[in-house]
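Shown next as structure tokens: one chain only, the form predicted alone.
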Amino acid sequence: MREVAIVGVGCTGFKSVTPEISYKEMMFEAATRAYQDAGNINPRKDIDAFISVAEDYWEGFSIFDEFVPDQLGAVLRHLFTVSGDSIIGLATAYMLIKTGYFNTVALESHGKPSDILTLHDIVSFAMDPILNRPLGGHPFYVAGMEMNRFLCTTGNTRDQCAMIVAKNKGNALSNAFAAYGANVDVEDVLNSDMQFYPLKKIEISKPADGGIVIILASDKVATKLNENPVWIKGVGWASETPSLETRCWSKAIYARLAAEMAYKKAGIMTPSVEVDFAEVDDLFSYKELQHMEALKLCRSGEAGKLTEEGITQLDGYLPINPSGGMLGMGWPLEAAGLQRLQEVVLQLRGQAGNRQLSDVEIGVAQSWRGIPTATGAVAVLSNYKG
């Protein structure tokens, strides 16, 4: 079976608002940088297929893929659209190359939430129309309820969640792509405004505009395009029940199932030992802890303790979200997964600048599609083949 590698990455960076650039220009900028990173390839000649990860409701257009080809150089070419988080798009690209019919695939995802006037109304529209949506209110109340249950069940604490915010916003100060880097401490978080009990306002990732393009290639051409490819060792995805009434409120079952699938493909038996670092979804502060436990990077109830002991810091033995996560970089809607993935690629290449980790060989990127879904995906990457 052919191996698959990431040979190019292009990113616009993330900002709270971008009135100076349209989403089409954003896509073009990210694609141009990715093609240059992949050896100055010509998309018309060197890319076999294109994938755009987008959701019509976010974009404000029906059949959004009609607006994709021009910016990517994909006119009259194979083009696929994935409605989901962008690591699910990565899985699609990975499988296309595995078929043997494609050697190179360009994967695009972006978010421009600053163009959305009532973002919470779109999220609410995804709620069950009979039992949940009529309750009204901002849909993030679901996160507050889940956080309360998670902390009560596992023994993790609100102080430890506050440490996540301080860590990630601090890490983001060393990330030129990040929109919300800041020096905050635990007391700042605990004393901030309550939003959805027990979730504080500062514990919720803020929306950010930005786009990312990733170039994938088979081992047949990967080293010809980039002398430093990052190999995809395994991918996994899963959905738990979409019903609020029947799902598990204390565990991220979707993340556990997706991780088990990815680890099996990658041959990883003991993630807490074999994984060097991870980029996990932290749309809400407690989600980092919940996802660490779901990814089996620690036992249930231990994620907060590892955070408190500094194990997940840049100089710890299991760094989590060295990029700053979404708390530091911002929430770019469906592009959140590629935001996590990009950092893993940069770290494994040794190109992460001031936040570069030492001696890393295996990294994990994990995504969650957000409220009210229970859908997630995981990718295991390495800087060595085989």
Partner chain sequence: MSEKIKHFPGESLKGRDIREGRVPTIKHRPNVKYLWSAGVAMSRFLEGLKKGKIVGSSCKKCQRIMVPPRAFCEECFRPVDGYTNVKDTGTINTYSVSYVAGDASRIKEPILVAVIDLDGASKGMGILHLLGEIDDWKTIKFGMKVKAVWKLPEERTGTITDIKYFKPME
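All values reported here derive from a predicted model rather than from experimental measurement. Positions refer to the first chain, counted from 1.
One more form of this protein exists, namely the form predicted in complex with its partner chain; it is left out here, but the text below deals with it.
- [ ] Tell me the stretch among 35 to 43, 353 to 361, 324 to 332, 337 to 345 that has any heavy atom within 4.5 angstroms of its partner chain in the predicted complex.
- [x] In short, 35 to 43.
Task: The unique member of Leu190, Cys152, Val75, Cys248 whose heavy atoms fall within 4.5 Å of its partner chain in the predicted complex - done: The option sitting close enough to the partner is Val75.
TODO: Select from the listed residues Ile122, Ala238, Ile204, Leu225 the one whose heavy atoms reach within 4.5 Å of its partner chain in the predicted complex.
DONE: By the 4.5 Å criterion, the partner-contacting residue is Ile122.
Open item on the list: For the three residues Asp65, Ile88 and Ile97, which mark the spot I'm curious about, does each lie within 4.5 Å of its partner chain in the predicted complex through at least one heavy atom?
Closed with: No.
Task: its partner chain contact in the predicted complex: Leu117, any heavy atom under 4.5 Å - done: The answer is yes: Leu117 has a heavy atom within 4.5 Å of its partner chain.
Task: Met269, heavy atom within 4.5 angstroms of its partner chain in the predicted complex - done: Met269 lies outside the contact set for its partner chain.
Task: Close approach of Ile51 to its partner chain in the predicted complex, 4.5 Å, heavy atom - done: Ile51: no, not in contact with its partner chain in the predicted complex.
Open item on the list: Within 4.5 Å, heavy atoms only: does Arg133 come near its partner chain in the predicted complex?
Closed with: Yes.
- [ ] Counting only non-hydrogen atoms and a 4.5 Å cut-off, give the residues of 1 to 37 close to its partner chain in the predicted complex.
- [x] Heavy-atom contacts to its partner chain in the predicted complex: Thr18, Pro19, Glu20, Ile21, Ser22, Lys24, Glu25, Phe28, Ala31, Thr32, Tyr35.
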